[in-house]
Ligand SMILES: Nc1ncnc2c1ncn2[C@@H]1O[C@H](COP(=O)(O)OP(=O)(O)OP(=O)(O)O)[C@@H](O)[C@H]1O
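What follows is a single chain, given as structure tokens, in the form predicted alone.
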């Protein structure tokens, strides 16, 4: 579903990603680990086409199409969605109105479908409020997810969905992430794919990932079994990944 080749990215004359090579197959969920400031959010933002991330070299291929030069709205229409860690407040746009817009874009849906999505994330009292205005951290996470439910993308990216979320909310967040990634289906029947940023890996206790990458200083250092990588990181720290790479 997604292929990234030799990707180097600049933000305000600062290189944030360098020579990134990765892929995500149909039906696959991939985790992305790394310390703060390592390039995790930069990678997701570049895939999404967020303005300000300038591709200096390389290509992003989505479902066989080179999307490197496409605008963010064009990528969304092709089926890419993202839950941001710190999304902006959208004044003057009600959450319910955004839901209707997203659903209309993919062929329309009845009022019952809109309300059902909102109820899944316990956001009924927020449906007539400006998006994210006065929302708590957990409420913002749920607001991002309900918009993704309405969009129904083929490739979904989650930027630290477990940060700032209490134990009750993380179960709800994980349930919706599993729904978006079609985890209720057998692996061979899934058509959606996902990329999940996690600093400590807590979300993987609730959402199963097939594979993981480690990123540091804008470079991908290794990939492998998510739980094995997490155990190595807990014991040796992220610097252990650099040492391991040098030895190989």
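On a predicted model such as this, the values are computed, not experimentally measured, just so you know. Positions refer to the first chain, counted from 1.
Another form exists, predicted in complex with the named molecule; not displayed. Remarks below refer to it.
- Though the partner is left out of this view, residue 233 does not reach within 4.5 Å of the named molecule in the model of the complex, counting heavy atoms only.
- Although the partner is absent from this view, residue 199 contacts the named molecule in the model of the complex, with a non-hydrogen atom inside 4.5 angstroms.
- At least one heavy atom of residue 39 is located within 4.5 Å of the named molecule in the model of the complex.
- In the model of the complex, no heavy atom of residue 24 sits within 4.5 Å of the named molecule.
- Only one of 151, 169, 143, 85 comes within 4.5 Å of the named molecule in the model of the complex through a heavy atom, and that residue is 85.
- Contact annotation: the named molecule lies within 4.5 Å of heavy atoms from the stretch 39 to 47 in the model of the complex, the single such stretch among 204 to 212, 185 to 193, 39 to 47, 56 to 64.
- Scanning 1 to 37 for heavy atoms within 4.5 Å of the named molecule in the model of the complex gives 11, 12, 14, 16, 35, 36, 37 in sequence order.
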